[in-house]
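This document opens with one chain alone, in structure tokens, the form predicted on its own.
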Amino acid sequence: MRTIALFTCVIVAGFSVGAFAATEMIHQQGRAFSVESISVKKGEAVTFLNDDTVPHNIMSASKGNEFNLGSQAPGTSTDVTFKEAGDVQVICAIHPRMKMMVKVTD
């Protein structure tokens, strides 16, 4: 009986890890994004983590996948799900040199 319970826990844990693998993590540090561009599939989420010492206001500058995270304090993160295929320019409304591209595919 213990073997079955252990096996079930391993399977459930495996599914949990798989679910988190689909989310990309973008760091904000030194008033810059950790990458210049990423590709995600339609319906996938991107986590924007502010591990900088200053607030950021991450937003889309492209039609179709509009979002505005508002003031994101240091140490906080927010998930954004991209629902439409296409290229999405992501910027920080506070720091104009912070730019990146999210390519959303079908």
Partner chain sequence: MPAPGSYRSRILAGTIASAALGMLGFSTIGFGAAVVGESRKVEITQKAPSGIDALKALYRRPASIPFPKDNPYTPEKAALGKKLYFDTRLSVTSAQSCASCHSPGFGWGDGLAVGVGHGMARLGRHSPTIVNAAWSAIFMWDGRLPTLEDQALGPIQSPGEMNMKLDDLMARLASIPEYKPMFETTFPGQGMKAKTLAQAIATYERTVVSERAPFDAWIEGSEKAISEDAKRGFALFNGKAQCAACHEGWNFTNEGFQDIGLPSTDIGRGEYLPGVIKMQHAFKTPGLREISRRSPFMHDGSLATLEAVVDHYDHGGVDRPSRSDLMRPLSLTAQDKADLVAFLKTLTSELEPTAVPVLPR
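As the structure is a computational prediction, the values presented were derived from the model and not from experiment. Numbering follows the first chain given and starts at 1.
FYI, the form predicted together with the partner chain isn't displayed, but the following is about it.
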Partner proximity in the model of the complex: Ala85 to the partner chain, non-hydrogen atom cutoff 4.5 Å: no
Contact of Lys41 with the partner chain in the model of the complex (heavy atom, 4.5 Å): no
Non-hydrogen atom contact Thr23 with the partner chain in the model of the complex at 4.5 angstroms: no
Contact label in the model of the complex: Val35 to the partner chain, heavy atom within 4.5 Å: no
Stretch 35-64 - residues with a heavy atom within 4.5 Å of the partner chain in the model of the complex: Thr47, Leu49, Asn50, Asp51, Asp52, Thr53, Val54, Pro55, Asn57, Met59, Ser60, Ala61, Gly64
